[in-house]
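Shown next as structure tokens: one chain only, the form predicted alone.
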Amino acid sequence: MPWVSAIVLLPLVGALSLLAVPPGGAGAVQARIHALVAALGTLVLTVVLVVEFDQDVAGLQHIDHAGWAEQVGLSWDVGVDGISLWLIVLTSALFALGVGAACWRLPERPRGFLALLLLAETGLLGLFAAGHLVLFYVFWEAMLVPFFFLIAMWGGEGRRRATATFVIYTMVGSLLMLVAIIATAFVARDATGQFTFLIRDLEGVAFTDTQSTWLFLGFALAFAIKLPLWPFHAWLPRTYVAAPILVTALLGAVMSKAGVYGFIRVGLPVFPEGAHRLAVPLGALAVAGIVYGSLLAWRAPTMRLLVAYSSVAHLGFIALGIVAIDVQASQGAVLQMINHGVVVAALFGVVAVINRVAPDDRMDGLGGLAAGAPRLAGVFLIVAMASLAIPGSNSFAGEFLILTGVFRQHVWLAALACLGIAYAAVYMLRMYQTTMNGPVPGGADDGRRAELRGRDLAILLPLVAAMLVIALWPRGIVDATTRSIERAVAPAQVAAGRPADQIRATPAQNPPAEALPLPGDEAEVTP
């Protein structure tokens, strides 16, 4: 059973099936059924994949490889390892919740909205499963298109300017990555005699230091924009404010992980010398993003902006964990990607509920909601504490692993990053205090209108349950990622001259043992 291909393509099939649904209100029930079957079916297949996954295997598993245009090195090649597995789980689970929320309260033109959500899911799942650079680029672009239309057609005030900024930034990054992908294949051919875009074949190619640095830089700029890493973050606040809140939640929870994933999937194992040379500058940008995002979140007038800027800070932590070139820090970064996805989705869920009282998100007109909405106050408190990464929360283990790993490699970066922890307490408690405590400006009924209802609990309780499970058992994620992270980080550790006791995997050899033959090479004859 080609599990990974089925997981990637099922949402696409669901989106195409919506074309057969009658437009307008007559097809609303059918549209719900098509979308829910596709989203929940993808989630079920993902659960099966988790059960079938072997955490002792470092490389890709369940590889589905099919020739496409192999004369020019193109093929369908998808699989999972310990790093991509949990991002696929996060994507499948959050999109199932998102599609469920959209079906519960259908927007205008529901068929198109649900189809675009499913297309975005296919783009993200394909990106996290791609074992081929061109396929990686195709899915990288494919997920941008549905998000663009979701913001442009269903967004709020300022959506045109937001989509224009979003497209300009992401397209510049995409073009740089495309040039870097093509250059990588040709430079690798000169070094090994093999022309391939397969990532596992490119690992171990002996690029010169200069080649590795420039190629890594081409990818890194695209990843930094998608993260977004300071100072490439300008598209984020406008997009988060203008997009529908469901789309904003998916952007923050899932799409923002694409850039970090690119660093650990492509950057560190394929261009280790470049990653080593640029690790400190990228780490400094990550720390600047932590401080900058925290300060702006502290002064943000609306809840959406506060969560948006806090994401810049939290993603800075995650990026710092990757570029530290340390196994423990990378383990923390992968765990924190999952934690941040769950927490941000829950935070935007809380903001959506409070929008019933304050549609403009402004915090200065709110207060005292806890009196009339105790369930909301309780859930919000759990989510806020998780965002703060207090000991015992799901985010604590991730940040602790990141900081201890970074401290071992770069003490000053770890010390400066700790400022983000202090700032997080200030801005997150400010949001909770401003909205939940104090007098109610709009009258006592306002609190009751914000109380969680059945459909709100159906979305938020699974996210809170996930936080509690990860808080109690972070090893469930960390152990499954260990072998894959050791394999991904080892080449950069060797390039950085790290002590032998820190390098827990043997980097791939050059030329790769399983590289594709050049076009025109004679096929090996098996006796």
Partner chain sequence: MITAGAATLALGAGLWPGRLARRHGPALVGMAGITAAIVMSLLLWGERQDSLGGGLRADRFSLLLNILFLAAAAVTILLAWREPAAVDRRGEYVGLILISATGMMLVAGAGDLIMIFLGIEILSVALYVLCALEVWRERSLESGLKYLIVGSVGAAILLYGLTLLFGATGSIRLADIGRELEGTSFTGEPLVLAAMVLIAAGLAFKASAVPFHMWTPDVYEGAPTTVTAFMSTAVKAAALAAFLRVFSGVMPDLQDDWSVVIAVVAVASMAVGNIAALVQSNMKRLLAYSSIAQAGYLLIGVATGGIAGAEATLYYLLAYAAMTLAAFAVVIIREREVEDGDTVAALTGYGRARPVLGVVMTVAMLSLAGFPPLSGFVGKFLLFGSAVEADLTWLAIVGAVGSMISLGYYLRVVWVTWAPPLDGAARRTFAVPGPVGLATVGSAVAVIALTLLASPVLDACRGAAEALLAP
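Numbering follows the first chain given and starts at 1. As the structure is a prediction and not an experimental result, all values here were calculated from the model.
Beyond the structure shown, there is the form predicted in complex with the partner chain, which is absent from this document and is the topic of what follows.
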Mark residue 412 yes when one of its heavy atoms lies within 4.5 Å of a heavy atom of the partner chain in the model of the complex, and no otherwise.
-> no
Though only this chain appears here, would residue 152 touch the partner chain in the model of the complex if you measure heavy atom gaps against 4.5 Å?
-> yes
Give a yes/no on whether residue 51 approaches the partner chain to within 4.5 Å in the model of the complex, heavy atoms considered.
-> no
Check whether residue 68 has any heavy atom within 4.5 Å of a heavy atom of the partner chain in the model of the complex, and answer yes or no.
-> yes
Identify, from the list 381, 418, 457, 74, the residue with a heavy atom within 4.5 Å of the partner chain in the model of the complex.
-> 74
Find the only residue in 423, 432, 407, 148 having a heavy atom within 4.5 Å of the partner chain in the model of the complex.
-> 148
Looking in the model of the complex, is the partner chain within 4.5 Å of a heavy atom from each of 471, 478 and 498?
-> no
Considering the partner chain in the model of the complex, find the one stretch among 352 to 360, 316 to 324, 189 to 197, 265 to 273 with heavy atoms no farther than 4.5 Å from it.
-> 189 to 197
Taking only heavy atoms into account, state which residues of 383 to 401 are within 4.5 Å of the partner chain in the model of the complex, ordered by sequence.
-> none
